[in-house]
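In structure tokens, the next block holds one chain alone, the form predicted alone.
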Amino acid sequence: MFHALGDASRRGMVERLRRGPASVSELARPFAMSLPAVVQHLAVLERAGVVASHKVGRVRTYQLVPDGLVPANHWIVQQRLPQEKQLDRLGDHLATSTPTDKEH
């Protein structure tokens, strides 16, 4: 999933899909790349479970997978917890410490 989100173009497509489903052509509009390149980027996102697609006639539409980003968020939260606990302990220590008297 992090590989899929590591590319700025793919992140831009995900950001656009937050507003709702979009066709490949619509997703390609803001990018200076060919439709096949956009489709390749979308395939990476689809394999990662971030987006899903369906085809009606010749139009393929993509949408975000509900909770598709939850695994990445869960991993990030797990990585933050140890550092937050250390900072909490430091904050507690600083709050209970008495300042040194520098006037003497």
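Throughout, we count residues from 1 along the sequence that is shown. Since this is a predicted model, take the numbers as computed values, not measurements.
FYI, the form predicted in complex with the DNA isn't displayed, but the following is about it.
In the model of the complex, none of the heavy atoms of His74 sits within 4.5 Å of a heavy atom of the DNA. Proximity of Pro66 to the DNA in the model of the complex: non-hydrogen atoms within 4.5 Å are absent; the residue sits far from the partner. Within this chain, Val70 is remote from the site of the DNA in the model of the complex, having no heavy atom within 4.5 Å.
Contact check for Ala37: a non-hydrogen atom falls within 4.5 Å of the DNA in the model of the complex. In the model of the complex, the residues of 10-49 lying within 4.5 Å of the DNA by at least one heavy atom are, in order, Arg10, Ser23, Val24, Ser25, Ala32, Met33, Ser34, Leu35, Pro36, Ala37, Val39, Gln40, His41.
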